[in-house]
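Below you will find one chain, with nothing else, as C-alpha cells; this is the form predicted on its own, and questions on how it binds or moves follow later.
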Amino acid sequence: MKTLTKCLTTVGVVSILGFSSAASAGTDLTMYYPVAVGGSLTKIVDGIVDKFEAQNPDINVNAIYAGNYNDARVKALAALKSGEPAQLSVLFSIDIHELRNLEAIVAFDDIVSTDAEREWLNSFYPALMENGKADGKTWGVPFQRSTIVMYYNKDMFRAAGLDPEKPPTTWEEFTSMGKKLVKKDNNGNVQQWGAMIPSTGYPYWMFGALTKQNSEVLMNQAGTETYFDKPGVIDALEYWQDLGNKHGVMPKGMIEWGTLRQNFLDQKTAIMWHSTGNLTTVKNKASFDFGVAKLPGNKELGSPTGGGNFYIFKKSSPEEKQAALKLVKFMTSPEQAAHWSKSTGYMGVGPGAYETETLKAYLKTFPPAAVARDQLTHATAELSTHDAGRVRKFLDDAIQSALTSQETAKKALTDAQKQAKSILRRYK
C-alpha cells in the first residue's frame, strides 16, 4: 500500500480500507472495511492488498482502518452524500436492502462481462449468497463470512465425566451436559458456567440459530415480512430463557458479546457460542484443550450465516468499477480466500479455497477449521429486511426483555412483530 492511516476507536482497532487504482485512465478507489471480532485482521488485509499491488503495479491502494460494521456503513454512506464517495466496501451482508433502496450499489451482474467472470460469480457457496441476491441479481459477494459455532473446553468435559469428543448435538444434550459442567463453591456461588450464548452485540444473530434449529426462519427472502410471533419462534426464545432462568446452565440476564471470548479463554464457561471469526485467536490463546462443533439442534441443526460482503458503489466511473471488480476477484480467489481463512478463522467463501494446498494441509493439522464450512449444509440467511436497523432493534429489544424477565417471550415477540409489520408494510 502506498499510504496507510490507522485509527483506534473505543471498541478497538477496526478498519476502513481506501483503495486507489491508477488504471490507464488514473482512478482512485476508496473502500471501507470493518473488523467486528477483533484480532490482527488489519495486518492480514494489508498483506493481501500488498500482494495485489505487487501483481498490479498500476493500482495504488490506500488503507484506512476505523469502525465496526455499523461504523463502516455510516461512513460509507456519509461519503456518498459528501460528494467524495467510496467505490467499494465490505459491509454487512444484511445491508443489501438498505443499500439498494438508497440506490448506492450496482449489481455485479452488470459489471462482469466475460465467461470467466460469470464463472467466478457463481463459484461461491450458495448459502453465503442468500444474503447477497435480490430480484434475480447478485449485489454482494462474500468475503468476511461466518457461521456461529460452538467452542467447548475439552478439559472441563473430562473433569465433568463427559466424553470430550462428543459435544452436545441436541438441545436436550446441551441442557443436560451444561448442568454437569456448572461448578459451584461451598457457598453455592458459580465458579464455572456450563455455557454462554451472547445476548448483546448481535442477539438477533444468535436467535437466528435457535429459530433455525426449531425449523423456523425470521423473514422472507425479499425482506418485506418477518415471522417473529410464530409459535416455533416463541418456543426458541423460551428455550433460551430457560437455559438461565430454569436450568441454571448459564447466567440469568444479559451475556456480553465483547467479553465472552475472554470469559471462555479465562475458563469461566465450558461452552460458548460465537463467530467462527474467533477461531484463530482462540487457537493461539487457549491454554487448554478445546474443541469446535456445529451448534446443537432441536428439530434440525442450524446456524445463520453472518459477516460481510463486498459491494461496489454506483457512483463510480466505468474504469473505477472495473478496477474494483479486479480487486474483489483477487481477494476472493481460492488462494487468497484460503490464506484469509487460515489466518483468521473465517471460512473460505467457495469450494475452491478448500481445494488449495494451503487449506488441505491446514485442515489435516487443525480439523476444527472445517466446522463452519461443514455447517453451511444446515445454514440459513441472516435476518435481513428493508429498514433493517429498526427491524433488528425491535427483535433485539424483544430478546433482551425476555432474557431479563421484563416480558414473556410471547409478549415480547408479538410486540416486535407488530412493530416490524408496521414498518415493512410500505415495501410490499
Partner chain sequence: MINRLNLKAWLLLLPALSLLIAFTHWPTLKSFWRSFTWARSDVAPSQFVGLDNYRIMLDDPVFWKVIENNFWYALGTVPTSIGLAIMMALWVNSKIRCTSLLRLAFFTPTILPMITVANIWLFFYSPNIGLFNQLLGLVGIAGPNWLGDPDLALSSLMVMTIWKEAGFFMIFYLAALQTLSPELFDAAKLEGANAWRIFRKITFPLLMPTTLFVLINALLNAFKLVDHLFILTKGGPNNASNLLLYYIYETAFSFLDSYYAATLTVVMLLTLALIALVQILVIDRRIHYR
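Since the model is a prediction, treat every value here as computed from it, not as a measurement. Numbering follows the first chain given and starts at 1.
Below, we refer to the form predicted in complex with its partner chain, which is not included among the displayed structures.
For this session: Given that the partner is absent here, state which listed stretch (213 to 221, 93 to 101, 107 to 115, 146 to 154) has heavy atoms within 4.5 Å of its partner chain in the model of the complex.
Result: The contacting stretch is 93 to 101.
Exercise. Of 137, 179, 299, 252, which one comes within 4.5 Å of its partner chain in the model of the complex, counting heavy atoms only?
Worked result: Exactly one listed residue reaches within 4.5 Å, namely 252.
Exercise. 170, 245, 317, 263: which sits within 4.5 Å of its partner chain in the model of the complex by any heavy atom?
Worked result: It is 263 that has a heavy atom within 4.5 Å of the partner.
For this session: Kindly confirm or deny that 189, 387 and 400 each have some heavy atom within 4.5 angstroms of its partner chain in the model of the complex.
Result: Affirmative, all three are within 4.5 Å.
Exercise. So, in the model of the complex, is residue 193 in contact with its partner chain at a 4.5 angstroms heavy atom limit?
Worked result: Looking in the model of the complex, residue contacts with its partner chain include residue 193, since a heavy atom lies within 4.5 Å.
Exercise. Any of the heavy atoms of residue 51 lying within 4.5 Å of its partner chain in the model of the complex?
Worked result: It does not: once its partner chain is placed as it appears in the model of the complex, residue 51 has no heavy atom within 4.5 Å of it.
For this session: Report yes if any heavy atom of residue 393 sits within 4.5 Å of a heavy atom of its partner chain in the model of the complex; otherwise report no.
Result: Yes - in the model of the complex, heavy atoms of residue 393 and its partner chain come within 4.5 Å of each other.
Exercise. Applying a 4.5 Å heavy atom distance criterion, does residue 256 contact its partner chain in the model of the complex?
Worked result: Residue-level check for residue 256: yes, a contact with its partner chain.
For this session: Taking only heavy atoms into account, state which residues of 395 to 428 are within 4.5 Å of its partner chain in the model of the complex, ordered by sequence.
Result: Contacts from 395 to 428: 397, 400, 401, 404, 406, 426, 427.
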